[in-house]
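The data below hold one chain only, encoded as structure tokens and taken in the form predicted on its own.
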């Protein structure tokens, strides 16, 4: 175990502790770092409107991913659970988007959403209203459009996890519910959801964490544009560190992101101590 521990200390623990120091410095990423105390955090919370905008986008992203993909995955898993013939084929088909590289998925959907090509181009040629706009180039639609693309690859993964959890529920519970006159919705509400609650709560936790760390699809598709409309905290960190050469300020943003993630984890720890199965 010692070599693995040394690797984790060198690539995780030491950089994490270093970021705490650099967050209190004026550092360009190279050369000497000049200590400035909490000035980066003062600038972050009181003088930087781009931080507030990126944080708002992260919250919007979080709300979208705590509702749409989880709801779709639950419905799909409940519909696939009773299927026996061809079940593996259906699961593979729905899971394939998750294993595709994000670059390929983003490039595919960028073309499909182009008003001159793909699905949007075809609908536009048919005169469907609203399809003449570039969804990835319009301020009010860019964030939902990127979330749709990310959700397209994400919900299949959730579906497979929920389906595996549903198949571990004893069939006798469903038989007892049917004898009591429960319909399909009542079975789902009173048997399925309680049976998969540990998996469901855990995936809500992980989705909440990943929503604050989202980066790849936004950067590949828009790099935070147009005019910062799709900019989130991870994109802001990247731009400040590697484009504006403000590595110290970027470290402060990164620590703030870790703080928000820590709050989410603490909420779930408190729920676990109160008796929740997580």
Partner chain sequence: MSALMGRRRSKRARNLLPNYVILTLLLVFAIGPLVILAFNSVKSRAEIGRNPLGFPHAIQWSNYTRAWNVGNFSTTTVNSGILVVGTVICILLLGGMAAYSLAKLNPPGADGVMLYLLVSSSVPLYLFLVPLFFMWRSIGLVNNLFGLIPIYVAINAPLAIFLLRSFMLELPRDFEDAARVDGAGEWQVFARIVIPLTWPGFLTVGLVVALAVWNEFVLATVFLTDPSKFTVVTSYQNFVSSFTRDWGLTSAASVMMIAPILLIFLSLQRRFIDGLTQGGMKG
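Positions refer to the first chain, counted from 1. Keep in mind that this is a model prediction, so the values were computed, not measured.
Although not depicted, the form predicted together with the partner chain is the subject of the following passage.
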(Q) The chain here is shown without the partner chain. Which stretch in 46-54, 245-253, 59-67, 32-40 comes within 4.5 angstroms of it in the model of the complex, by heavy atom distance? (A) 245-253
Q.
Quick one: 128, 208 and 229 and the partner chain in the model of the complex, is every residue within 4.5 Å by at least one heavy atom?
A. no
Q. How about residue 203: is it within 4.5 Å of the partner chain in the model of the complex, going by heavy atoms?
A. yes
**Q.** residue 118, heavy atom within 4.5 angstroms of the partner chain in the model of the complex
**A.** yes
(Q) I'd like to know if residue 19 sits close to the partner chain in the model of the complex, meaning any non-hydrogen atom pair within 4.5 angstroms. (A) yes
**Q.** Heavy atom of residue 101 within 4.5 Å of the partner chain in the model of the complex
**A.** yes
Q: May I ask you to list the residues of 231-249 that have any heavy atom within 4.5 angstroms of the partner chain in the model of the complex, in sequence order?
A: 234, 237, 238, 241, 242, 247
